[in-house]
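Next up is one chain by itself, shown in C-alpha cells, the form predicted on its own.
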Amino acid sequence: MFDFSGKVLFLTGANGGITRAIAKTFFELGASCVLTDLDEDGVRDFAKSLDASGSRAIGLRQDAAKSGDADNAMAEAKDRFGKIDYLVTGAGLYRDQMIHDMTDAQWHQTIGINLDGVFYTCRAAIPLLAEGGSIVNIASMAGHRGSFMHTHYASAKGAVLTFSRSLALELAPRIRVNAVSPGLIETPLVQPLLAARGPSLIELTPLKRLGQPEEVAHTVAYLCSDWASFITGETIHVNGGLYIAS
C-alpha cells in the first residue's frame, strides 16, 4: 500500500513486541531501518534477521534515559544513511507499583525511559529529519485515563501526548508529529495483566479480542505515509474500543 523506498526509519526500543512489528512493516515497505534498544545483542540480532547484509537495517545500543545515547545513535544514523525520514519512539518500561510504597528510584526510572527518552530522542533527531518527515510517539491508553498500580507509567505517557502536540506546533510545517495509544496488545509486556484480568478485559472490549502488534504497526505506517499528509498533533487509539467502553 505504501512505498517507503529510499526512506529511513529510526526506531527506539526496537526489540519489543510492538516495535519489532513496526520495524518489520517499514522494512517490508522498503525503508532502511536504524533500530536501537538497551539490549544491544538482541537488537543487533533482530536487525540481522531483517537484513543479513546490514545494508538496510542496523542495530544500535541506546539507553533511552540517557541523552548522550540518543546523540550517539543519531550520529551513527547520520554516518550510515545521512538523514532520517521517520522517527518512532517505542522504548518503554511498564511495572506494577502502588504509589504509597513507590521509591524515588522507581519513579525516576519509569519517567526517565517513558518520557525523558522521548524528549532526548526527538531533540537529537530534529537536525537529521528530512523535509516532509514524520515523528510518531508511542503513548498508551493509560496516558488518557490513568492506570491502577502504574501511576508513574501513566503519568509519563500522558506527558508524551502533550509533548507530541507541542512538538507538532514547533516543527510545522516541515515535520508532522503524532502519537499512537495502544490498548491491550498481545505482547509479553501485558501478560501479567492478562493473567490477572484477561477474560474480563476482553469482555469489556467491543471487538472481543486482544490487538495484534501488526495492527499498531500498520497505524504507525499510515501516520508516516503521504496518506496522512494533513494530520499532525493528533493521537490515534488502537484498543478495539476498550477506551470508550470501560
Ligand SMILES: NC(=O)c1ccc[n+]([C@@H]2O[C@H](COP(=O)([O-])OP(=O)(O)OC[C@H]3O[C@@H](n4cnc5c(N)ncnc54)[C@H](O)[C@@H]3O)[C@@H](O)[C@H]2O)c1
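If you're wondering where the values come from, they're calculated on a predicted model, not measured in any experiment. Numbering starts at 1 and runs along the sequence shown.
Keep in mind that the form predicted together with this ligand is not shown, yet the notes after this line are about it.
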Non-hydrogen atom contact Thr187 with this ligand in the predicted complex at 4.5 angstroms: yes
Answer yes if any heavy atom of Ala156 is within 4.5 Å of a heavy atom of this ligand in the predicted complex; otherwise answer no. no
Looking at the partner-bound form in the predicted complex, is Asp63 within 4.5 Å of this ligand by any heavy atom? yes
Residue contact check: Thr25 to this ligand in the predicted complex, 4.5 Å heavy atom: no
Out of 55 to 63, 27 to 35, 199 to 207, 217 to 225, where are the residues with a heavy atom within 4.5 Å of this ligand in the predicted complex? 55 to 63
Within 4.5 Å of this ligand in the predicted complex, heavy atoms considered, which of Ala77, Cys122, Val136, Ile113? Ile113
Taking heavy atoms and a 4.5 Å limit, what residues of 1 to 29 are near this ligand in the predicted complex? Gly13, Asn15, Gly16, Gly17, Ile18, Thr19
